[in-house]
Each structure stands twice: as structure tokens, then as C-alpha cells.
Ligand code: AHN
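Next comes just one chain, in C-alpha cells: the form predicted alone.
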């Protein structure tokens, strides 16, 4: 996905104290035992949804692949959801260019007042600026993990909700223009990441729209992923973080959803929290040892379907469905 995010772990004592106080009373173990029945979620179906996106080619603003994939995504939301919205807008990127863009929203139970937002970004980065080979650094990326993985999980969630509607209203939002931010070597003042999220937060698809809370997915296809508790999420919606991580633990996913503080990540949820009347958390793989904080294929030409893991998609998908069921 992304932008060149600022990623680091808070090392000062005050933040560590905050993180410790923000945890659930039950501390997850590395390999928890569980007797909870897993919600219906087809890992292979989610993987197929990821692959279908990458088969279009890099979903970079202004390309045929971007347009074709967008049409396909809107069609899937119309197929599964009660109502679907195509929110078109024009984005100006850091390089002064303007692009036609679209956020896609699929709603279940639009008449229900209690609402949960599930979100991911669907565009991919126009250049592999973190690739180890300099010759690849201007090459657009497939964004299989960085973008498509979250969308794939949410499409499978939508497919399941189509069969078994939840008791709460659910809005699935696919943000555009998330990942066309400056290269790490470029210093351009301004908020040039998450442009689709910024637009939607300021201009919701329904006038006066709000929700009880939101959950963003990003890079949720990494093999043996570590979903630590992102710091903006803890700061703005610690209760939601506790709810989601406790649910994952009860399902036996404590090895993935680790009860540890993660990085500070300027992702789409940051802009939703800044501009919308409700709060959103971020489920995102975090690897403090990688140098970037992310999967080694992040922003490289190797962010392709071969590096997406079905089991990780399933862990995230079953957790989301159980969260909705618990509501």
C-alpha cells in the first residue's frame, strides 16, 4: 500500500505505561487454546479475490488496470451488499498532477443506526521505491499484500454477510488514492497519503453519516503476520483495539494478534480519526526488525500474489466476522 509512513515504537516510559494500561485484563499467550467455533470464512475465496485484483495489473491512478479493477470491485459490492455507492472525486497528488478517483462503499442494513465500518485501500503504489534493485524503483507494484489483501478479506466478508446478514449495519469502504505519496527521498510538505480516506471522511457517501467505530485492514496477507497494536489506534480508539484483539485471542489467533504495542503508522485510519465523527483502528502487519517496520516485500516489485498467505487472510477474516457477531 502505502505511503512512506513514519513508523517507530514508543520507547519512552510514559508511552509504555499507556500501552500496558490499555491492554485487556486477560493477557493472550503465544499459543492459546480455544473451544470457540470459528465463523464461516473461506480462505481460498479470499485469496482468489486478492489474485483477481492483481490479475488486472498494478492499480495505479490513471491506468487502464485501475479503471478495470475499480469497475470489478463496484460490481462485487453491488452483487453482495444491500446498497453500493460509487463516490467519484478528483485527487491532486504531491507532484501537482490530478487524477479521477473513486471510493466504493457497500452497505448491509442501511436502515440500522448502529454501524460498523470495515475498510481497506484498493489502489497500488506507482513506484517500487523500496526495492533492493535500483533498476526496479520506478516500476509500479502489484500491491498484492499492500492493498489487495485487505480488499480480498473484505470481499469474502461481504460474501458471507450476503448469506447471513449481521444484526448491526455494516459499511465496507474501499479507499482510492492511498498510496501515491512522495518517495522517501522526496521532501514534500503536506498530507499526500490517504487521499481517498481524507475525501470520504470530509465528504461521506451519506450526508451526516457516522458509525460506532471502524476497522481498517492493511497488509493482512503476510505469512505468519504479527498484528501488534498500532499507536494511533490505541490513542484514539483503545476500547475497539481491546475488543478486536480479545476476540482474536478467543478464536485462537493470539499468535497473530499480539498484545504488544506496535508502531505509529500514518494510514487511512489516521485521516478518518482526524476528520470523521467516529474513530477507526488499523489492523496491519508490523515487523520491528525489518528496517521499515513492514513486510520485506513492502513497496518492492515482489509485493505479488506469491507472497500472500491464505491462512493469514483467514485469521483476519474470521476475527472480523466474530466481532460483528458479538455486536
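A quick note: this is a predicted structure, and the numbers were derived from the prediction, not measured. Numbering follows the first chain given and starts at 1.
Just so it is clear, the following notes concern the form predicted together with this ligand, a form of the same protein that is not shown.
Out of the listed residues 49, 298, 286, 270, 298 is the one that sits within 4.5 Å of this ligand in the model of the complex by at least one heavy atom.
Taking 219, 195, 170, 173 one by one, only a single residue has any non-hydrogen atom within 4.5 Å of this ligand in the model of the complex, and it is 219. Segments offered: 290 to 298, 40 to 48, 54 to 62, 255 to 263. Contacting this ligand in the model of the complex at heavy atom distances within 4.5 Å is 290 to 298. In the model of the complex, at least one heavy atom of residue 178 sits within 4.5 Å of a heavy atom of this ligand. For the chain shown alone, residue 142 is not a contact residue for this ligand in the model of the complex, no non-hydrogen atom being within 4.5 angstroms. Shown alone here, residue 146 lies within 4.5 Å of this ligand in the model of the complex, counting heavy atoms only.
In the model of the complex, just one residue of 113 to 143 lies within 4.5 Å of this ligand by at least one heavy atom: 121.
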